[in-house]
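In structure tokens, the next block holds one chain alone, the form predicted alone.
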């Protein structure tokens, strides 16, 4: 049953990323911004969910719903492969732009994950009087 939850979450995450990419590429004529936004937002959400649902599990969220969100939805929503393709294209046309994009993607995604985890800890501490963890 877990694999089905992962598959369903992955499908929904991929569709959400598709619509995000469509909206941003329509507005800016490029998918680079959508890839950056999807990866940074997905990293933030993963940081928040990891602390909230896994480390503290305040709501006793069953494992199948955690994998639905973490592996399925966020795995389908974020996209390392598209990032790699865009980065390769940039390396061929503008190495400096590629360097900034590559470093920026990694740094912003890691910062977003840390901020998501910190905000989850803060929210849990203020809402439930829990001692922060992770």
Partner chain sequence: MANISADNTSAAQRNRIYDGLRFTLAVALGGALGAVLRVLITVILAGESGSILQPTEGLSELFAPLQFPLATLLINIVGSFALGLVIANRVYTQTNTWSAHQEAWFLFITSGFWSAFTTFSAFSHDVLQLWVNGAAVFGFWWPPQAVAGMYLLASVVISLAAVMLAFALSHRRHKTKFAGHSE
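Residue numbers count along the first chain shown, from 1. In this text, all values refer to a predicted model and were calculated from it rather than measured experimentally.
This protein has a second form, the form predicted together with the partner chain, left out of what is shown; the following refers to that one.
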Exercise for the section: Please check if residue 23 has a heavy atom lying within 4.5 Å of any heavy atom of the partner chain in the predicted bound form. Expected result: no
Handout entry: Touches the partner chain in the predicted bound form: residue 50 (any heavy atom, 4.5 Å)
Key = yes
Exercise for the section: Examine residue 71 and determine whether its closest non-hydrogen atom to the partner chain in the predicted bound form is within 4.5 angstroms. Expected result: yes
Handout entry: in the predicted bound form, residue 124 touching the partner chain (heavy atom, 4.5 Å)
Key = no
Completion exercise
Exactly one of 37, 84, 100, 61 comes within 4.5 Å of the partner chain in the predicted bound form through a heavy atom, and that residue is 84
Problem - Contacts with the partner chain in the predicted bound form, stretch 93 to 110 (heavy atom within 4.5 Å) - result: 105, 106, 109, 110
